[in-house]
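As a starting point, one isolated chain is supplied in structure tokens, in the form predicted on its own.
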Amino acid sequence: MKILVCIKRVPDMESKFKVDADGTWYEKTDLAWRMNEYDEYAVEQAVQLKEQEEDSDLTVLCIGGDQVKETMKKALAMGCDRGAHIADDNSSSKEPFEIAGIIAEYAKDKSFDLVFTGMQSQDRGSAQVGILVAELLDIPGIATIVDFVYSGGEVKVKRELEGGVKACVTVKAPLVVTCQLGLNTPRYPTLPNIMKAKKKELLSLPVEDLLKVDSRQETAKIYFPEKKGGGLILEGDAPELVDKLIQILKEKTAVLA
């Protein structure tokens, strides 16, 4: 079985963000970086599948500059067999269709049985890449899975819907799944596996060889939400509060005009 898992390097969400000079993304200096949290669940599920199925081969893919190799090493230490680094210093400027196009171009002739991605990235949050990869590869795609079982070439998953409802879906491989929080408990790499990861294959490919699609959207501007005035808390007995509220509505709004 051949498995591909796609990850992204993102800032720690506790970081103090600033808008960059172009006004279209965040400033990347002075940030702490980590593997996208949703992708950790994808890596763990891919590793579990590799451990379940004999003679499986698991590749981890990441797009970005040389810095993402450190994030990839964590995935290798978790149990991935090799890394495919798509070298692109401007990956943050690419929209989801371009990212999906790069992944699909890499995967199209490698006969992957399963492709795992996170449901979304924590910085852009589009939740589009995984499903777009499935469309571009012309194979089934299932989003937001919270349970996964593989047996005899067939995948049974539960996917999260609105209001806590879950849908049960059965699909034959090959397919793409995007992983939701709570799917599993990602493992911590052990020191021996961290050392082994340093010797695993990690090949870099130029993004120019894989980007075959054109951008379909553009980020015009990003900005922090404007700060608004605080709320007004009324205190007192109910009849008194009613009178106060009516007076405020008359003075501040046109509701009772």
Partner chain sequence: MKIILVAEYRDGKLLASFNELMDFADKMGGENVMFLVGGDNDLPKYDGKLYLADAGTFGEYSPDVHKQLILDIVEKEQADMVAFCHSSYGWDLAPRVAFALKAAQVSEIVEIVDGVPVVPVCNAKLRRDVQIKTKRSVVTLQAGAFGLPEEPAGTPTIEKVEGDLAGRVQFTGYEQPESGGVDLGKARIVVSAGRGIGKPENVEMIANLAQALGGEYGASRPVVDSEWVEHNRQVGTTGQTVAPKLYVACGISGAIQHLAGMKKSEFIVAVNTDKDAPIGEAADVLVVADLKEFVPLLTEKIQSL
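Here, rigid core means the biggest group of C-alpha atoms that superpose within 1.5 Å across both forms. Residue numbers count along the first chain shown, from 1. No experiment lies behind these values; they were computed from the predicted model shown.
The same protein also has a form predicted together with its partner chain, omitted here; what follows describes it.
Its partner chain is not shown here, and in the predicted bound form it never comes within 4.5 Å of any heavy atom of Trp33. None of the heavy atoms of Ala21 is located within 4.5 Å of its partner chain in the predicted bound form. Contact check for Gly79: every heavy atom lies farther than 4.5 Å from its partner chain in the predicted bound form. For the chain shown alone, Ile131 is a contact residue for its partner chain in the predicted bound form, at least one non-hydrogen atom being within 4.5 angstroms.
Out of the listed residues Thr29, Thr190, Gln217, Gln67, Gln217 is the one that sits within 4.5 Å of its partner chain in the predicted bound form by at least one heavy atom.
Stretch-level contact check against its partner chain in the predicted bound form with heavy atoms at 4.5 Å: of 105-113, 68-76, 136-144, 83-91, the positive one is 136-144. Each of Gln180, Ile222 and Glu226 is positioned with at least one heavy atom within 4.5 Å of its partner chain in the predicted bound form. Shown here without its partner chain, the chain has Lys158, Arg159, Glu160, Leu161, Glu162, Gly163, Gly164, Val165, Lys166, Ala167, Cys168, Val169, Thr170, Val171 in 155-173 lying with a heavy atom within 4.5 Å of that partner in the predicted bound form. Met13 is not among the residues whose C-alpha shifts by 2 Å or more between this form and the one not shown once the rigid core is aligned; its shift stays under 2 Å.
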